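Starting off, we have a lone chain in the form predicted alone, written out as structure tokens.
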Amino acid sequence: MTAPRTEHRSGIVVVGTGGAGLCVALAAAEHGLHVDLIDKQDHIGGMLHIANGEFSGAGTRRQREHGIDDDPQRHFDDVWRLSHGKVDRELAWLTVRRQGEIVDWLDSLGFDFSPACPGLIHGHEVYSVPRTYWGRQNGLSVIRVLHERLRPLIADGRITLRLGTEATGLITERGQVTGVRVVPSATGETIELTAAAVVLATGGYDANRELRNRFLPEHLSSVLIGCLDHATGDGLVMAEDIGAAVSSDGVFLPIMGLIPDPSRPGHAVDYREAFIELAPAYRTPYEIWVNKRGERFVPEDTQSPEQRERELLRQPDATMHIIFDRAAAEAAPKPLINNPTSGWDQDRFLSACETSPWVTRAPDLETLADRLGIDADVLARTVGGYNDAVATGTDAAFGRSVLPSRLEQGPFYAITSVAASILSRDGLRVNTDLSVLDTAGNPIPGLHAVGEILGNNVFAGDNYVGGMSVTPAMTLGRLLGERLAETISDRSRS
């Protein structure tokens, strides 16, 4: 067997080129360190290719221009409220108090903000004031502005970008991480990169079903995979192999509105292609939602995303069928299916109702129930009860207030949606220096982590909180890069 080739580096190795890894690399290189930036993909950006790319921050220039009075303490108070007080207080405050600065930094780099920023995002529970931002091209806008900052640092030799290169294990010496083993796909050769520090920014694990289900409540093991295929938890596994501590909080809150992919069982249709628009702030519901028993379970027009998310988890197999007839499909002012580029209009949706494998169709309710595997009598009673609510203007069963039209004339349709995982809730334990901790709670020398590999629970508790995934990744990534540059430079001078 050929011995691995060793490359000794004086700076740091960063594994992962999502928002976290890019910001670590940029900050460290800008402050004088050489950075080896590694990614198994053949392109940078990680999950930002599919994410909405929303970030949040208080006291920003854009807020002041819109007359919005805000500051980091009020931002943190909102995070604490929305997370039900379950964030890691120290880590959450470490990022929140700097997030406004990151927003202004992106602004200074020419970030392509949506004209609606700062705004309120209604897909999850909302902040008390507008402090969320996003680009015209969602996550791609974040990739583009960071890539533009990256290019001159690569050209100057301060960052060595190694794409198509898989990290396979950490190198340790007397309890300290001294490097990482990598294998470029082009050569298959194992290279040992030694460095002053290794930063794991490899993202989440939700595409690794076995690993994901280790952290999920047992009855939710069949939820859809909604993330990109590269999110297999590589960094978490490498760190755990050398004794790193990993959280196991048992928290899961679903992404709703994703459609099972007929060609990939257990996976969702790519969010960029299509999702179901459920938030009444963006679209008035003309349909009802039923579980696998054919029963409604939540007011479809609820203004609380958390309410519908938690109710879905209580349903058999976390599955719902969205039921409507042709008249409802034609009357609704916006199509039920959407995507980030608004590529769906009413004509396309009506056509999909007749041809798409995502849609179950039938001439009458009894046949629809049979095709969905639902008791036909139960579904008939459910639809009849809803129609009575429309007629009286009162939904006594669930308190739905928007009752636009009865569902009574075939053909009838259903789109099935299953709860999906797209964002890892658990992750590596770190301290406020972003040093990875071992199972005894002690820092592992030479090893740091940032981004989704930490798990979203530390920043959002048991909920989703606007911008508290992408922004901590960038904010703490930049902070970590600056700190490593300072400490490694001080060490080399002493």
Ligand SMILES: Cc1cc2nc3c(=O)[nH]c(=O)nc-3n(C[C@H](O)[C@H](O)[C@H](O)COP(=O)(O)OP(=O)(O)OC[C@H]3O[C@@H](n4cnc5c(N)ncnc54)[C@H](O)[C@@H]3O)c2cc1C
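As the structure is a computational prediction, the values presented were derived from the model and not from experiment. We number the residues from 1 along the sequence you see.
Absent from the display: the form predicted together with the named molecule. The rest refers to it.
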Self-check item: Of Cys227, Val177, Leu336, Leu224, the one that lies within 4.5 Å of the named molecule in the predicted bound form (heavy atoms)
Solution: Cys227
Exercise. Counting non-hydrogen atoms within 4.5 angstroms of the named molecule in the predicted bound form, say which of Thr160, Ser83, Thr165, Asn291 makes the cut.
Key: Thr165
Self-check item: Partner proximity in the predicted bound form: Ile12 to the named molecule, non-hydrogen atom cutoff 4.5 Å
Solution: no
Quiz item: With the partner left out of view, is Thr475 within 4.5 angstroms of the named molecule in the predicted bound form by any non-hydrogen atom?
Solution: no
Quiz item: Would Ile38 count as a contact of the named molecule in the predicted bound form, using a 4.5 angstroms cut-off between non-hydrogen atoms?
Solution: yes
Quiz prompt | in the predicted bound form, Val199 touching the named molecule (heavy atom, 4.5 Å) | solution = no
Practice problem: Using heavy atoms and a 4.5 Å cut-off, decide whether Gly16, Met238 and Ser469 all contact the named molecule in the predicted bound form. | Solution: yes
Self-check item: Candidate stretches 63-71, 438-446, 50-58, 425-433 - the one whose heavy atoms come within 4.5 Å of the named molecule in the predicted bound form
Solution: 50-58
